[in-house]
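Given next are two forms of a protein chain, the same chain in both, each as structure tokens and marked structure 1 or structure 2.
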Structure 1
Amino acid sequence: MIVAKFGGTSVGSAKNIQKVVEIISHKNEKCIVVVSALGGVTNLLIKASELAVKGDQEYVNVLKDIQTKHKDTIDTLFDEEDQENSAAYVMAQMHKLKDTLKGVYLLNDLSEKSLAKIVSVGEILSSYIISEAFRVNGMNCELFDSRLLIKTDSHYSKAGVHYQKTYKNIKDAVKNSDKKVMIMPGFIASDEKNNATTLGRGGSDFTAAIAANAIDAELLEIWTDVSGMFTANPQIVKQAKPIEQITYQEAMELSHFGAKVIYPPTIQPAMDKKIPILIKNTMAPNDRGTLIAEKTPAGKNMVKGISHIEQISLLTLQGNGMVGVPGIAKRLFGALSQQNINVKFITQASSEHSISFAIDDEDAENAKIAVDNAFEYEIFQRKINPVTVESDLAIIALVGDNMKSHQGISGKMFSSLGNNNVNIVAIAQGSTEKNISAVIAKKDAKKALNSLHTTFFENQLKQINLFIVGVGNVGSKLLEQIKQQQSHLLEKLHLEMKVVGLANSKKMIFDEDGIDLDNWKEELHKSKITSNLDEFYNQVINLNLRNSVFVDNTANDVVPSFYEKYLKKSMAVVACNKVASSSDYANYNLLKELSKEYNAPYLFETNVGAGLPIIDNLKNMINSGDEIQEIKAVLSGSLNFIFNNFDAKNSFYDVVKKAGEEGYTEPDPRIDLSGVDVMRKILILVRESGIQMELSDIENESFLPKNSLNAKSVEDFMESLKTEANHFNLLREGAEKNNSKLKFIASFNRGKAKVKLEQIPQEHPFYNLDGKDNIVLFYSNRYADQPLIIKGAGAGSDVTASGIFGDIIRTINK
């Protein structure tokens, strides 16, 4: 014989009940079918009770909803003539229910006893309707009343089962029945005085396990809405997969720590008789599901699953009066047990100075009162402090039978959490070492589950969640490149890169599943959220996704003031914006320090030489112990482009204009032409060489005439280039006369840095520098005679975007 239990969703609609009929009609052996209330009905019954006891008439409407739900199911499930029995039964039960609730409403009183009576109606109705469905489909079946079979104590909401009596009742009932299918409502039972009791929320699983034990079933099937017990809650971790096989112990631990797919007490009665449990999906009966049994074949994964419980409070009892005093723990947990409070997690400091324990938020108040009372005398004597309560927490647990024989799992767990800025409030390892659990803030639970899942189950699959500000020349190119590379990254590097947040100066958009990069322009345009950097930050923090990277593609000077906040949340910052790295040294240094402290990369490769790997190489030199002596460089692709194209035929004005159009200059060309941009770049190189320097320490001999230097706006400035054409022509002719070319050079030597337009003679390595190329010569202890030369395209949105892309990829190798 087998026992098959169908959960709320499985019987939540006529269509699903048909599936249940189908599944059971294909069974060859005799079976007991245990059913839950139609999906959501138990919650509605509780809601109606709570409204009624508060004196809120709205409970009547909730009752109507319950009635309609059953009536609709019956109407769809049966032909008119077959509807009669069920409809009459539902009406009769609803009448009784209405009377009971009216009593609750009038008396303003809802005892646990009445509540159990009220909620039991869910299963009473569903089991009747399903037995009718079986009957109508020609199946040989009988409906039992579980209240007559399962006997319990009088803890009405979560009653303790009297096993001996119960097992005997079920055995006898089955023996006396000649039917192939026996239906039992789940969840409900009765006490010695025959008052209705319930087995706790989710308790239909338990009913099925009790039945299975009673009849020595060969198999206990739990039919639900997912294809088994997953490596993590599939609603929260999209990558989670069903676990093929798992031991009783593992399943018990996972369910204890929140894997709701099976109600924790369910395992014991099955395990006692070594009855295998198979979790199956009613909606996909051909999926394999999960087999829970005594042993499982050895797999390579030590961690079988990750589970979590939300709405947790951590209570701590501490004080010097606890050290070395026997019996403290006994008194503490005795007080909690007297209040029927379930403790999920315990951790004690090795000094015995404190004990922390985690319980459901809803029990926190009672628990505090109970424990404070139990230790009233010590608290009065100030030997022990009153219990402290931290709420809004979650417990997250890794489970696996073989974890104990493997080192390093907890290290991996905590570094995965730490890297994602998940703060751990408390840690405990079960004495059997089948689980490691940690208490964290509830708001971090989703991120923590996902990070741990990646670490333990997804092999190399990594995820990067991008939050991008700035979609101008460079930003749009970057989005284009990400779009082109997404599938390649996934296939070849097992890297899932998503743009989750995107903002320009006007609007912003967010999509946790990744913004559609074919349509980002339209999406941004039609977005209703006005751009606001504080709001952007708040959204990033609320989404709380692991491996989040903030990307600044702007030249704006307010955006960088947010880097600090992102880094402090352990988020990587990638910037092509130079403002922060060339701001005050104190600020630059702060960001570098925060990056180290929070293990959050702060990368700005594109600040110098666009996509050329200049800063990265420099960092490698310094990290490996080299020291920079001298730097000489052409660092402005824009100025190089301008002076390379400036000749007798093309006026200075025309060339600057063209450079702007091609995206080779900053949006404000004065930043390039005044030399400030180059000053910033050499400053960054000097700082990255480990030397403290300010922008004001750099000498700048400008080649611009006064008129241009004093221009108040970009338009005025461009105009001045026209009127001062002669000044620029003279500079050019001077160089031509000496067979030289004009190059804007940045240099650093003997602790001093300067930028200057110079005439470069033919034999110099800079002479033949093409178009918008950059070149840097590093002279160091290792490169004393022959400098390290890095040369290549140093401007343009394409190469800059690919430099940013490179930094983004670097963030995952932190």
Structure 2
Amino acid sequence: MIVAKFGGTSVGSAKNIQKVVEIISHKNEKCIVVVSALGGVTNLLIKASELAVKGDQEYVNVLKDIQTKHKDTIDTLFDEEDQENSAAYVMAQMHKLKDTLKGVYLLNDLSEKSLAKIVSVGEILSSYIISEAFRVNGMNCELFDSRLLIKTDSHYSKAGVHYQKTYKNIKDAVKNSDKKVMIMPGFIASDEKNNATTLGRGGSDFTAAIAANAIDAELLEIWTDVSGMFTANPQIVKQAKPIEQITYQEAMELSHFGAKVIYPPTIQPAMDKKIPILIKNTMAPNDRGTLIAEKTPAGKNMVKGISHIEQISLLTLQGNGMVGVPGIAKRLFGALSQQNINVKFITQASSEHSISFAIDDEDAENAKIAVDNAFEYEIFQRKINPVTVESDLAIIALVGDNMKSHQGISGKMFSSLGNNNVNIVAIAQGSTEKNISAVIAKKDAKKALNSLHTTFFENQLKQINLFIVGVGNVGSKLLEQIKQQQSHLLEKLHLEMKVVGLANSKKMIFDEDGIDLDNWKEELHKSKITSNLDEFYNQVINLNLRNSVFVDNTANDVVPSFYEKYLKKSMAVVACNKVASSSDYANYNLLKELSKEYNAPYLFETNVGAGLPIIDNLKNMINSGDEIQEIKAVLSGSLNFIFNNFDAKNSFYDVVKKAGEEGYTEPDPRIDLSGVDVMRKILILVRESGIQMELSDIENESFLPKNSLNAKSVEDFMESLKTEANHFNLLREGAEKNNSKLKFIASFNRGKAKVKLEQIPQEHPFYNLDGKDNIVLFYSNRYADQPLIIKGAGAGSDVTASGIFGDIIRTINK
């Protein structure tokens, strides 16, 4: 024989009840079917009770809703003759229910005894309707009344079962029945005086487990609306997947910590007789589901699942007066027991100076009062402090039998949480090592679950959530490259890259599931959210996503002021914007230190040489113990492009204009032509070499005439290039006369740095530097005679975007 239990959603509609009938009709063996109330009915019964005891006649309308729900189900399931019989039964039960609630209404009193009688009606009605559905479909069935079979004490709302008598009643009832299918309402029972009692939360599951134990069932099936127990809550972790097999102990741990598919009391009766439990999906009966048994095959995953509970408060009792004093814990938990407060988590310092325990938020106030009263004398003597309460917390737990004695599990857990800025308030691990629990802020629960699931279950599939400011030439190319490479990243790097936030100077958009990169321009254009850097930051923090990366594609002076905030939230910062890294050394150093302190990468490879690996190679040299002696470089792709194309046929104005149109210069070309941009770049290289320097320390021999240097706007500057054409022509002609080319050179030597326009002779390695290329020569202790040379395209939106793309990918290895 088997026992099959169907929950509220499984019998929540006539359509679903037909599925139940079909599932049971295919069973070849005798079967006990345990059913819950129709979906939502128990909550309606509780609501009606609460309204009635308050003297609110609205309870009558709730009763009408309950009656209508059952009538609609009957009308859909049955033909006219069968409708009449079933409707008559429902009406009879509803009349009894109305009488009970009227008494509650008149007396303004709702005892646990009355509430148990009221809520039991849901299962009484559903079991009758479902038994009739079996009958009209030609199935040989019998309806048992669980109140006559399951006997309990008189704790009406969460009654304790008298197992010996209950098992005998069920065994005798099954033995005396000649029917193939025996239907039992779940959740309900009765005490020795035959007063209705209930089995508490998950009571229908418990009923099924009791029945399975009583008849020595071959299998206990729990039919619900999901395809088994999942590695994490699938509503929070979209990558969560069903667990094929799990042990009783693992299932109990997971269910205790919030996995609502099965409740802890259900497992014990089945475990006592080693009866396997199979969790199945009524809506997808062909799915494999989860098998719970005594043993499971060894697998590669030490962790079977991740679970969590929210609405948790952590209370702490501490004080020097606790150290070495016997009985402190007994008094503490005795005080909580007297208030019927369930403790979900306990941890104690080895010094015995403090004990922390987690309970439901709703019990926190009563718990504090009870414990403070219990230690009133010690608190008065200042030997123990009053209980402190931290609320809005959650407990997150790793569960797995094979975690025992397996090194590195807790390390991976806490590293994953730490890398995503999830602060751990308290930690507990039982001596069985089957569970590692941590108390964290409730707001971090989603991020914690997703990061842990990635760490332990997703075959190293990683996710990056991008928040991008700036969608001009570089930003647009970056989005294009991300879209183009998404499949490649998944296939080759096991990396899912999502753009979650996007902003330009006018508007911004957010989508936690990822912005559609086919239509981002339209979405940004249609957005009604005005762009604001503070609000952008607030949205990023409120979303609180794991592996978040802030990307600055602008040349804006204000955006870098937010880097510090993002880094302090353990968010990586990727920037092509050079302002931060070339700002005051104190600020540059602060960002570097914050990056280390919060394990949040601060990457700016594109600050120098666009997509060229200049900074990366320089870091490798320094980290390996080399020391930079001299740097010679052409660091402005835009200036190199300009002077390579400036000839007798093309005026200086025309070439600068073309460079801007092709995206080689900054939006304000004065930054490039004044030498400030190159100054910033050489400054960054000097700093990355380990040398402290300020921008003001760099000598700048500008080649621009005063008229251009003093221009107050971009328009005035461009106009000055026309009026000062003769100045630029003289520079060009002077170089041509000496068989040289003009190159804007940045150099560092013996602690001094400068930038200037120079005539480069034919034999110099810079002479043949074409187009928009950059070149850097590093002279060091190891590269003393022949420098390390890095050369290639150093400007352009494509190469800059690819450099940013590379930095983004590097963040995942933090």
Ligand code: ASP
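In this text, the rigid core denotes the largest set of C-alpha atoms whose superposition between the two forms falls within 1.5 Å. Counting starts at 1 and follows the sequence of structure 1. As the structure is a computational prediction, the values presented were derived from the model and not from experiment.
Query - Selected structure - criterion: the form predicted alone - result: Answer 2, the form predicted alone.
**Report entry** Yes/no, A88 Cα shift of 2 Å or more between the two structures with rigid core fixed
**Finding:** Superposed on the core, A88 moves its C-alpha 2 Å or more between the two structures.
Query - C-alpha of G501 moved at least 2 Å between the two structures on rigid core - result: Moves: no, less than 2 Å.
Report task. Establish whether a shift of 2 Å or more occurs at the C-alpha of K446 between the two structures, with the two forms superposed on the rigid core. Result -> No, because once the rigid core is superposed, the C-alpha of K446 moves less than 2 Å between the two structures.
**Report entry** After superposing on the core, C-alpha shift for Y59 between the two structures in angstrom
**Finding:** Its alpha carbon moves by 5.4 Å.
Requested in this report: After aligning on the rigid core, report the distance the C-alpha of E132 travels between the two structures, in angstrom.
Outcome: Rounded to one decimal, the shift is 3.7 Å.
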